[in-house]
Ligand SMILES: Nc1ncnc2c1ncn2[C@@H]1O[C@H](COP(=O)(O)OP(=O)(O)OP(=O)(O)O)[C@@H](O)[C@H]1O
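Take a look at this one chain, the form predicted on its own, written out in structure tokens.
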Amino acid sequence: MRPLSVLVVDDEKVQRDTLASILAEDGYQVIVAQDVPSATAALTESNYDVVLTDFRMPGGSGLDIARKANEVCPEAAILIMTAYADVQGVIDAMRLGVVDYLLKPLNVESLLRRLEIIRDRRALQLEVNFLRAEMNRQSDAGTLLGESSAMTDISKIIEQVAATRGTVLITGESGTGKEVVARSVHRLSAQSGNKFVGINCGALPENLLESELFGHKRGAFTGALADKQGLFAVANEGTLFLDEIGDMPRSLQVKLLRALQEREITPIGDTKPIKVNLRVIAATNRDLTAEVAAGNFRQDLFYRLNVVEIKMPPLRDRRDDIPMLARHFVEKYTKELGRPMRPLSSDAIRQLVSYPWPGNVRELENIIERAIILSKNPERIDVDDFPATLSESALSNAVPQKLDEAMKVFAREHILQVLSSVSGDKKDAAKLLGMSLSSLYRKLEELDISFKRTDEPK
């Protein structure tokens, strides 16, 4: 967690500088201001976690600063220092959200304890926010979608590996859903109640990546104003997801290998190792075998990571899953964007199936979201709602498909859409499809469709 930022406002220079020095030594980031105008300017320019202000000053008071802080930094904790406490002043301050009154001369130990309480509460709130975000993400991103043979095989591997604590390497093109697989492994594991923490190993320079992974001690390098817990420690008893592991600098690979072998880490600037117990899942869009041969990736680290490999197929190699994925994203973004529910037309599905999808599932999701936003047709989402490049590419890259296979894909999708439109009522669906109820049941069995009524009590 980053150190708290504190704005100290006092018209007495000695008091101001003394407080700034004490707080900086205790690991806080401190900015000082000598009066109300300079404090107002500081509040306008930056956000602060804590505002520590004198009550009586030339040209204004601590209440003026409290009003400004509430306006521009509503989450800041406000502390007022005064030698002239009075009941009405306290009432006015509390109405403005001031969390505490400190009598001068200040008791430094008392002040530091108050700041520690604020820091702990802030850390707890961040933890709550993190857990809520993780729950929301896992409810959506932790579900692997697809009924193709390739995805069925991957689902079986996920179930097997989730029952262990083995290291997993997920390979595949960008956008194929490698993080979804990682989250699925975590969600099905015995560690699902603990944290899932991820980091992109190619997004940070080497020194910052090392600090993020292993942590650092205060003073270990310029800017290290407080101890920092690394992600190995944060994810202890849970899962650490190392995305784009193929982009990790070679000099850092040996430290990762040691962490995996010894199950311990040493923060930068420390000499005492910390034991960790967690599952590590790595992912890459690179060919690590070729990277090892080229000398860019350590062979021993590759073997350590590649205990169980899960190869994610590109979307163009599992076209049977495209209608299901498209429907999932239509439902997702219809709800998120507050738009009326509309099915995909048969032509739209046909175009989606024909497109080669160089960006894989991520590209499909983006195109469906765009269509939901821009579509003006109140009845359906059609090919006109897709980018022109999609239509052109689909035509030039049309995939040869046997007639009976194509008919099954489109028949399955059409029946699913009709069932969805009538909340799963099979009698009504049969009428709309122009077939008897018994024929519909035979078709559902033939196409392996399972659809429960959405209006039935759970």
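If you're wondering where the values come from, they're calculated on a predicted model, not measured in any experiment. Sequential numbering from 1, following the sequence displayed.
Just so it is clear, the following notes concern the form predicted together with the named molecule, a form of the same protein that is not shown.
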item: All of 244, 285 and 365 with a heavy atom within 4.5 Å of the named molecule in the predicted complex; value: yes
item: Candidate stretches 318-326, 253-261, 293-301, 102-110, one within 4.5 Å of the named molecule in the predicted complex by heavy atom; value: 318-326
item: Selected contact from 361, 278, 265, 158, since only one has a non-hydrogen atom within 4.5 angstroms of the named molecule in the predicted complex; value: 361
item: Candidate from 145, 225, 234, 383 lying within 4.5 Å of the named molecule in the predicted complex - any heavy atom; value: 145
item: In the predicted complex, residue 151 touching the named molecule (heavy atom, 4.5 Å); value: yes
item: In the predicted complex, residue 207 touching the named molecule (heavy atom, 4.5 Å); value: no
item: Residue 377, heavy atom within 4.5 angstroms of the named molecule in the predicted complex; value: no
item: Residue 289 within 4.5 Å of the named molecule in the predicted complex, heavy atoms; value: no
item: Within 4.5 Å of the named molecule in the predicted complex: residues from 168-197 (heavy atom criterion); value: 173, 174, 175, 176, 177, 178, 179, 180
